[in-house]
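Just one chain is shown here, as structure tokens, and it is the form predicted on its own.
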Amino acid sequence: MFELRKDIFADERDDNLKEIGQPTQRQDMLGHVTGTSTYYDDHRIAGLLHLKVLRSPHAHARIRSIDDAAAARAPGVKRIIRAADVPVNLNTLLSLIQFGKDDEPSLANDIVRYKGEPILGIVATSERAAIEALGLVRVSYDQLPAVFDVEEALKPGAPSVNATYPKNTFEYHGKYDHQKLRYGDVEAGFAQADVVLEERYQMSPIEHAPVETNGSIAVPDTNGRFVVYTSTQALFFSLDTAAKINAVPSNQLHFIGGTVGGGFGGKVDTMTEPLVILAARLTGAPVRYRFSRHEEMQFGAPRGAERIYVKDGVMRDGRIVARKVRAYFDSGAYTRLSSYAVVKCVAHIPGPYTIPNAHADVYCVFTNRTPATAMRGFGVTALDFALECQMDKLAVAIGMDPIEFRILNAYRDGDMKAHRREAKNCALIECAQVAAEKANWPLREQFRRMSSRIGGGADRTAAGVDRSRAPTPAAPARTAAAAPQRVAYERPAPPAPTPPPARGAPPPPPSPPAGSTHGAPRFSSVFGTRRR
């Protein structure tokens, strides 16, 4: 049941809601539940040809020669498409908004930079004929050194992956090799802190695994126009990218999108439309290009791997006084959308918390992996995972309840963010209070009274928090001369077995872990286990 909490920010609530909380039916719902929704591949077109692509078996190699003579003579083959046939072979998606340089070829012609990079296309009367013809192509390679780790890629002497960015880092504004954030004096904050915790978080690439793989159909129309049925998530990005690569005016392309059989970010990169249009132009016939499941899993762009180091300084009374983040986004061999993900990442540091000293360096790094792309909040999702795991560990380190710890440090209206923007319409405190209420998670009275609307901005002390809102310290504050405690956070050893209770005696109650102010059951994002 949908519930509007009108007791929170009551003066900003509007009862005249047209959609929120109303039983409005989605316009595509009927087709989905009856199985009649039309996808791009449901169009049946006479004389349809099929495009398949030869892909590199190597992560990094120089192409010495390509022999496609036998493939050209194979049954059903209508056309072979080489790199020289592509009007504008180099492209990057965000060049449409003047962000980054064109660095990725539609078809490689000299060097392949990841396993699965497209080299050559074959258009045939059936997918089987095209696949069999691909097996007749002979390519000679000279393998080159490859690098697969973001930090290794930045070391002196590492193999250069992308010729457009020879130092293996994306260039921001044409001269900066990373995005950075500086606010306050982070080293002074660490020197002041009672506890300093530094952790490393590593995310793996994730394939979106849509039920419908990437694909599109291009059909020649009158007056030199082409109708394109596509599964893209970004219709106008795909239209403009295809027009650029084919060197045709965008009004010569009529893109028809609509129902997408699963995307989640994996159908943003315009991976099939430019080549299928080129194939239709070269043959004068309608052409379909769709990924097999193997291609989708092996060569479709995944969410990129991210490595994040977080170092925090916290006082015994719960105030975070310094946060330092160093992160690396594995872009794979080409830019795609990772450079933008880095900008989003830096914009979200230090999370939804008022921290007086913040410092961040975030890099978009090229490796010989499959190029990465968007996926469900990319740039922020992994960072949030790292920061919230860090918050749990900090709460344990100072012996404080993790929700109360978050409430204490949360943005309040009027606070200055690390990006020098005033925080407005904050609601983390209220969200945490409602979540605790729904989960029967006890909060102390002073935390139940706190609000995002008061105590921010000028009400905070120079140290970055209104001390009247701080909890009772868990331990006496150290003297100015004392060194901060360095926390090495390890998974706890399994508890030693306890002897069984005497016959007839009740079992002893479980003891709450350090840092817990109550015995409510909860799932730990630190340990990955349910505990009390």
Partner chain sequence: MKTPVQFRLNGEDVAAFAESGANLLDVLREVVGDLSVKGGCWQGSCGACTVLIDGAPRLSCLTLAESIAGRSIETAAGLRRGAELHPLQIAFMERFAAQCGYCTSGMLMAAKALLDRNPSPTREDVVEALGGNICRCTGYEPIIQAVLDAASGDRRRRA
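Numbering follows the first chain given and starts at 1. In this text the structure is predicted, and so the values were computed from the model without any measurement.
Another form, the form predicted together with its partner chain, is not on view; read the next lines as being about it.
*Asks:* Can you pick out, from Phe299, Tyr165, Tyr411, Phe264, the residue that has a heavy atom within 4.5 Å of its partner chain in the predicted complex?
*Replies:* Answer to the contact question: Phe264.
*Asks:* Name the residue from Arg326, Lys78, Lys115, His208 that puts a heavy atom within 4.5 Å of its partner chain in the predicted complex.
*Replies:* Checking each option against its partner chain in the predicted complex, the one that comes within 4.5 Å is His208.
*Asks:* Is every one of Arg82, Thr92 and Arg281 within 4.5 Å of its partner chain in the predicted complex, counting heavy atoms?
*Replies:* Contact check failed for every one of Arg82, Thr92 and Arg281.
*Asks:* With the cut-off set at 4.5 Å between non-hydrogen atoms, does Lys175 touch its partner chain in the predicted complex?
*Replies:* Judged by the heavy-atom cut-off of 4.5 Å, Lys175 is well away from its partner chain in the predicted complex.
*Asks:* Might Ala191 be said to contact its partner chain in the predicted complex, defining contact as any heavy atom within 4.5 Å?
*Replies:* Outside the cut-off, so no.
*Asks:* How about Met29 - does it come within 4.5 Å of its partner chain in the predicted complex, if we only consider non-hydrogen atoms?
*Replies:* Within the cut-off, so yes.
*Asks:* Determine whether any heavy atom of Arg307 comes within 4.5 Å of a heavy atom of its partner chain in the predicted complex, and answer yes or no.
*Replies:* No, Arg307 stays farther than 4.5 Å from its partner chain in the predicted complex.
*Asks:* Since the chain is shown here on its own, which stretch among 210-218, 314-322, 154-162, 105-113 would lie within 4.5 Å of its partner chain in the predicted complex, judged by heavy atoms?
*Replies:* Looking at the other structure, the answer is 210-218.
*Asks:* At a 4.5 angstroms cut-off on non-hydrogen atoms, which residues of 271-300 are near its partner chain in the predicted complex? List them in order.
*Replies:* In sequence order, Arg288, Arg290, Phe291, Ser292, Arg293 come within 4.5 Å of the partner.
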